[in-house]
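Quick setup: one chain, the form predicted alone, written in structure tokens, and binding and motion questions come after.
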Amino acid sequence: MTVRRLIASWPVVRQLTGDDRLGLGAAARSDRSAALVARTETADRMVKSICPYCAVGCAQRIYVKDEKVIQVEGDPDSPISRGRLCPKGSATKELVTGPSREYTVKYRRPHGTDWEELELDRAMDMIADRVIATRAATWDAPNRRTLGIASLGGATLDNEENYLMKKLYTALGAVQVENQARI
């Protein structure tokens, strides 16, 4: 290839000398870029969802191929986010496909140094036992409350989940019930 042809093939030269002055079409294309295919085009299906990171509720389009998430994008049909996602929402794919994602319950015993795997049923029983024991040990009978149990909910919870959590903790006698969205 001659030097003249090499220079003529550069995108900036094609942009300045051709009809594509903004570099949005032919001037920006190469053989490599012309062969690229969007991940969304190869997906088996698209599932609509809501971003799990905050209480805004941005809509997402989750693209799935071979039952694996391959792309997450904002949903332009959403009146809330109009197809936009913040950096955390844009990184949602890593939440479900990242190599450090845990798929089992982990438990570290008091004064322990290593994590061990527990069955979900065993972990739930341990939590229930501790809630019952804490409530019994810290129950303030005259005031019908406990100061030994508190809740700090996350902003990813919707109104219905927050309502149910508030009902649960109130039934347990907890008075320290707060949500991260207000902090």
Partner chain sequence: MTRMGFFTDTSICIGCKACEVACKEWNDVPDDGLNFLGTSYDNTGALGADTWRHVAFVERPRGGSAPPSSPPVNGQDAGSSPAADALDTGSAGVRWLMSSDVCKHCTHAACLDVCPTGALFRTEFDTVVVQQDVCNGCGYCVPACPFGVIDKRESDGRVWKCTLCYDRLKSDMTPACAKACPTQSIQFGPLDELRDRAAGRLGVLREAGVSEAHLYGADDNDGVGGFGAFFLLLDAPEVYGLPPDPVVTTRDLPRMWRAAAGAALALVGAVAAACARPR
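Values in this document were obtained by computation on a predicted structure and should not be read as measured data. Numbering follows the first chain given and starts at 1.
Below: the form predicted in complex with the partner chain, not depicted.
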Gly18 within 4.5 Å of the partner chain in the predicted complex, heavy atoms: no
4.5 Å heavy atom contact, Ala28 and the partner chain in the predicted complex: yes
Contact flag, Asp44 vs the partner chain in the predicted complex, heavy atom cut 4.5 Å: no
Residues from 88 to 118 in contact with the partner chain (non-hydrogen atom within 4.5 Å) in the predicted complex: Ser90, Ala91, Thr92, Lys93, Glu94
